[in-house]
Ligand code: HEC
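Shown next as structure tokens: one chain only, the form predicted alone.
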């Protein structure tokens, strides 16, 4: 059975409340609440819907104490999809092993540092440079609260 997107299950206010509970916080006070980080947060959480795949799901929705810290994908394609990835990597703190510049390029092109397209179900984002930098800065600013 194909599961509807999280935003459909929770509705706009439920998703906003779930995201607001957050298990990750910007590192230190430097930059927290700045327009660039707020714009990056908005894009990652409301446009990119990163939480749908990169945050574990519990019986009542996303487990926000593990916000963007990697998760098993809770939906499957209805037909076979080559290279489907079953586990989304952690992105709180940035993509593991990638520089900020590599993350920006990935968000602009959908191509990873190895020259390969993102594996499904990861969308092939085509953010403009300013938006890609804002998302990268937001993700890098998150420090998981274990």
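None of these values were measured; they are calculated from a predicted model. Residue numbers count along the first chain shown, from 1.
From this point on, the text means the form predicted together with this ligand, which you will not see here.
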{"property": "is_contact(residue 112, this ligand) in the predicted bound form, heavy atom dist at most 4.5 Å", "result": "yes"}
{"property": "Contact flag, residue 119 vs this ligand in the predicted bound form, heavy atom cut 4.5 Å", "result": "yes"}
{"property": "Interface membership of residue 103, this ligand in the predicted bound form, 4.5 Å heavy atom rule", "result": "yes"}
{"property": "Proximity of residue 67 to this ligand in the predicted bound form, heavy atoms at 4.5 Å", "result": "no"}
{"property": "Those residues of 47 to 68 which, in the predicted bound form, come within 4.5 Å of this ligand by heavy atom", "result": "48, 49, 50, 53, 54"}
